[in-house]
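Coming up, as structure tokens: structure 1 and structure 2, two forms of one and the same protein chain.
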Structure 1
């Protein structure tokens, strides 16, 4: 089902969603940086810049409480945080590379254990994607089999049209419900021509060859040269839409506190540091090797897809200039 949504009606739609009490999360300028954050009014949305971090924070926050505890005398009280309290959310302006990562996270958080914190947020969130009309030299979605107009992972896909406004395609029950609830704002798409999509300057990588090499070269000496520049800062994992490592810690005093789930990264030295003092990934090349293996082998072995959408954030923000697309392309040619 494809409809036309004018720029004015797009703002009206956001306004109505906010007024209805829904949490409307979209790219928004915060101290000079674009992040996915709740909107207070439609004018705050930024659609011409990719957010620094991905949209996964709507379901998987950087830090969240999972229980609280208190002690009074000899009595200890432990209180669960109820996932049902999470608000209805509309995630708007999601880049296709971010939306495509959402099903990847779905698989992880509902596999051997159902993470109700993640799953309750997913159930209550409608994802409104927006096709990309611009790309920079770090974008490589086409290299991993996606595209700037890929609908994967979203409930609605918006595509900008000449003269302003959007073509709107609902592609799930959630998307159809949102359009139906605001039907007066949408019209037939007759005569509206979409703007050309972005064209990332990357050739498609043969990911089957990449996986084949990874299957048999865990101890290959090339890993030292591949990962020699990695400093283990974790920036790549924290901006990645598909990375999902986390730690659980207790914060507080003996009287009261909370148990929290916090983002973590396999590039950190402490990530695999045992209580005994042993660390199976004691050197940085081993940790970076795990990042490549996880994205292009381990996750594929388990779920049948790669854990990378080609958003390019890790390339843009790596302080050492590591280019994961170039690394994977080199592996495909070995």
Structure 2
């Protein structure tokens, strides 16, 4: 069911959500950079700039405490996390490429063992997506089978309309509940025309063919040239909406402290380094190969889809100018 939400009512909606005690997370300026962060007031939302990092950190923070411990004399106590840590949240203005990554992460954090840190937040969060009206050179969602108006992974999709305001489509129970709870702010959509959506300049890549090549070419001389420029900085994994590797470390002393999950990256040399000195991925091309393999083969083998939404952040940020879209497209033509 589609509804119209005026610009003014959009602000009112955010205001009401904030006032109700919910955590409202949206793209917001932070020292010149747009990031998904909690809003203090509706005016802070920035919808015309792509956030620097993805929306995943609303569910999977960069650094997260998973236990705390303390020691008194010989006695050690370990404290579990207070579920109040996970407030009811509305994630607003999520790019379709970020929203589409959320179900990809659901699969990882819920198969077999369930990571409740991710899943509790997920349960308590309503995702309000926003269709893209502008794409830049790095955007390639259409190449990996998504689109600037793709509703995947969201509970509501907003599309900007001519003259201001949004068309609003709720596409899950959570989304409908949010609209129903603020029904007075919404009106009939008749007569409102959506702005033209962005048109990323990328051709659709035949991902089946990519997968097929990856299935049989773990060893191939091209890997050296594909990844030779990678400097192993890990920036691509950091900004990726779908990368989910993490480290587990203790911070504190023997007497007291916390254990944390921190984002990590398979591009780092230490990632696979053994105590014996042996390193299965001893060279950077092997680590970059793992990145491509994981996204376009391993994840697919396990969960039946790709681990890339074409957001283009890794392309924008790579200090060595590596373009994953071009690499994958090349592979599709091998």
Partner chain sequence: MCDHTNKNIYLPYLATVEEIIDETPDVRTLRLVFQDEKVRDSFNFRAGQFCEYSAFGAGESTFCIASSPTRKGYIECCFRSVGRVTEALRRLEAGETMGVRGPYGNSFPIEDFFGKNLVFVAGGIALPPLRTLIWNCLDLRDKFGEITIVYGARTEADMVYKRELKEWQERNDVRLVKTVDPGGNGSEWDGKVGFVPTVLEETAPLADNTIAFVCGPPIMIKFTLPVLEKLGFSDGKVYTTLENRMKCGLGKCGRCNVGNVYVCKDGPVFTAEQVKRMPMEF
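Shifts are known only where both forms have a C-alpha. Numbering follows the first chain given and starts at 1. Take the two forms, superpose them, and find the largest set of C-alpha atoms that agree within 1.5 Å; that set is the rigid core. Just so it is clear, the structure is predicted and the values come from calculations on it, not from any experiment.
A.B. asks: Of these two forms of the chain, identify the one that is the form predicted in complex with its partner chain.
C.D. replies: Structure 2 is the matching one, since it is the form predicted in complex with its partner chain.
A.B. asks: Hey, quick one: aligning on the core, which runs of at least three residues have all their CA atoms off by 2 angstroms or more between structures 1 and 2?
C.D. replies: Run shifting 2 Å or more: just 82 to 85.
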